[in-house]
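For reference, the chain that follows is the form predicted alone, supplied as structure tokens.
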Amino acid sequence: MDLGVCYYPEQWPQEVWAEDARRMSEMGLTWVRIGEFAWSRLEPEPGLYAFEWLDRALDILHAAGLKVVLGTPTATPPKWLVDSDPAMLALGPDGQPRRFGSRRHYCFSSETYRAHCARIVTALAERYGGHPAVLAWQTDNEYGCHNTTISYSAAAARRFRLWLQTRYADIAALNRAWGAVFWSQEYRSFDEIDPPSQTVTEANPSHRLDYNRFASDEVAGFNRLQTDILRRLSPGRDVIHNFMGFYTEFDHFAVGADLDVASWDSYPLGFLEDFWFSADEKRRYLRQGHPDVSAFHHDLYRGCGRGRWWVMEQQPGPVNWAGHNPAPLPGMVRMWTWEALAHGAEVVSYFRWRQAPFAQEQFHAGLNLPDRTEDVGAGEVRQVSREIADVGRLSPCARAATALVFSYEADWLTKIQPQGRGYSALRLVFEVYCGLRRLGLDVDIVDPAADLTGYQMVVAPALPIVDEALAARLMSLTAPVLLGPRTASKTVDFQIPPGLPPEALRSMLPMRVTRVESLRGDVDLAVRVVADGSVVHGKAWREFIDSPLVPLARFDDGGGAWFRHGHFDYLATWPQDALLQRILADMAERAGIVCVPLDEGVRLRRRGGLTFAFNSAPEERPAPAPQDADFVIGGPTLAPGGVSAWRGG
């Protein structure tokens, strides 16, 4: 339960460093992240290292009692390096290089760039691996930011062919897996295969899925190159990476396997503005952010970090990069901080110490204005620091009763072949997460490879590929399991199963999906619950099911919409809120989990014997606390952007 800040000493005169460090400590900050964009200052000429300024910065921060996360600078290779090796640049889907002039201008598959990264990381780790200030490392910065995970370069093509050869062993097996006989796409050798870009129309979906898998493996391998060096030369320090919000182009669970701590960069107002939320939601939560966006990522990255996670960058004011950039409601920086801590964050670090008066992020607020006076967020950080001292240290989050399964591969698949505009595994999982949270439930977001035993209920809204191992784990459970539409609808090779979906789970789900349809967003699918005749709704997707099972709910034409067999529930549509809440509440009751239906905008999270309540609504809300609650933060009324925490109940 520490607070930190992102700092760029190379961007400020050295005479202000000591005063900055003193003020950081006085504000209650204990961690400082530095160095992740500083390659041009660390190595201004090829092979000529200039570490003296960083020596001084680290010594100053250490003298002020601050702990440092030192970033590897590989997200911003300097101009001289690009000029010496233009082939290190990634190529976009249009075949054009992503040139020097901003950041993330490299290809994960470039062997020469990997060698340069190994060299600079080794030099940093050799010099600072034992420095008393450096207690953690951050690898690179925001892998994939600006849609840079996938490259179509010559280096990527070469490595993709090798990847395919390892996966399939012979070209005939690949041709079968890809259904390459279609449109005469059969290959005679792996050397004939190119990345799937610039095709006249849709490229082979199996080809595209394998390219996503390959690109994800490239990110994991690039990260592992750095973590191996850092662990060898700087033992005992945590190795961290900072992931992003709603970004799925590589498997974060796979990258997280090589980290000690997963972290992410939390910008609630920007995410609300730039993602799929309705105009009404964007207006209502304009200055607070959607009630579930930050929490979703907290729980996701806690899963990626196997319980250990940070917020590396917390929005402290208006940002510069969204379509519109409102200022947070007073109190929101405090609320966002406590929300992260309630979800188990070890550190919440703010971006950034001081707003930059130059370059691309001039409108991005910091804790201080460019003239070194404090901005609004600084006062809220001071308040949180005092409150942390009053509350005391809390134990890590206990395992939740509910597991929500999220597959990055599922999101790739639904992007490649959505079948309906806007169909997204990520969005479906997020909406189900919102439904669980509206019932006051704590949630663990887990990888499809996770051990699910011990959870009281398991929710898997989007698993179009269910391999044998996952099928066996699901069928071994006794807890209620909810499966969403398109479950087990594809083989691992991205083909319809020979026996029709959901073939992989047929022993537990005696049904066949014989037809699907995707529908416009403004089309409601009426669904009548058999037990009481109530009418709720689905949207976007409808499946036609052939099954001896009697449905729990039917569409208007009598077709089944909600099925149950044993401990499995299956949904043949994308549920709207009322249908979703009905199903989740029913599951929780069968699982013996107590729900706390919440007022709009209010959410709960439990940690260390405390229950936290947060209000993202623009109106006051009562805290859902028992009459005898012992409040340690706030009280029985939640102001807009308010936080309460209590013992008991």
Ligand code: GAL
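Just so it is clear, the model here is predicted, and its values are computed rather than measured. Residue numbers run from 1 along the displayed sequence.
Although it is not shown, the form predicted in complex with beta-D-galactopyranose (GAL) is what the next lines describe.
Participant: Any chance Thr491 has a heavy atom within 4.5 Å of beta-D-galactopyranose (GAL) in the predicted bound form?
Facilitator: Answer no; every heavy atom of Thr491 is more than 4.5 Å from beta-D-galactopyranose (GAL) in the predicted bound form.
Participant: Would you please decide whether Arg382 lies within 4.5 angstroms of beta-D-galactopyranose (GAL) in the predicted bound form, comparing each non-hydrogen atom pair?
Facilitator: Heavy-atom contact with beta-D-galactopyranose (GAL) at 4.5 Å: absent for Arg382.
Participant: Would you classify Phe37 as touching beta-D-galactopyranose (GAL) in the predicted bound form, given a 4.5 Å non-hydrogen atom cut-off?
Facilitator: Yes, contact at 4.5 Å.
Participant: Taking heavy atoms only, is Arg427 within 4.5 angstroms of beta-D-galactopyranose (GAL) in the predicted bound form?
Facilitator: Arg427: no, not in contact with beta-D-galactopyranose (GAL) in the predicted bound form.
Participant: Does beta-D-galactopyranose (GAL) come within 4.5 Å of a heavy atom in each of Glu142, Trp321 and Glu361 in the predicted bound form?
Facilitator: Checked in the predicted bound form: all three residues contact beta-D-galactopyranose (GAL).
Participant: Looking at heavy atoms inside 4.5 Å, which stretch does beta-D-galactopyranose (GAL) contact in the predicted bound form, given the options 170-178, 264-272, 521-529, 465-473?
Facilitator: Among the candidates, contact is made by 264-272.
Participant: Out of Glu313, Glu543, Glu339, Asp299, which one falls within 4.5 Å of beta-D-galactopyranose (GAL) in the predicted bound form, going by heavy atoms?
Facilitator: Contact with beta-D-galactopyranose (GAL) in the predicted bound form is made by Glu313 alone.
Participant: Just to be sure I understand the contacts: of Arg103, Lys415, Arg224, Arg284, which is the one whose heavy atoms reach within 4.5 angstroms of beta-D-galactopyranose (GAL) in the predicted bound form?
Facilitator: Spelling it out, the residue with a heavy atom inside the cut-off is Arg103.
Participant: With the partner left out here, which residues of 110-125 have a non-hydrogen atom within 4.5 Å of beta-D-galactopyranose (GAL) in the predicted bound form?
Facilitator: The stretch does not touch the partner at all.
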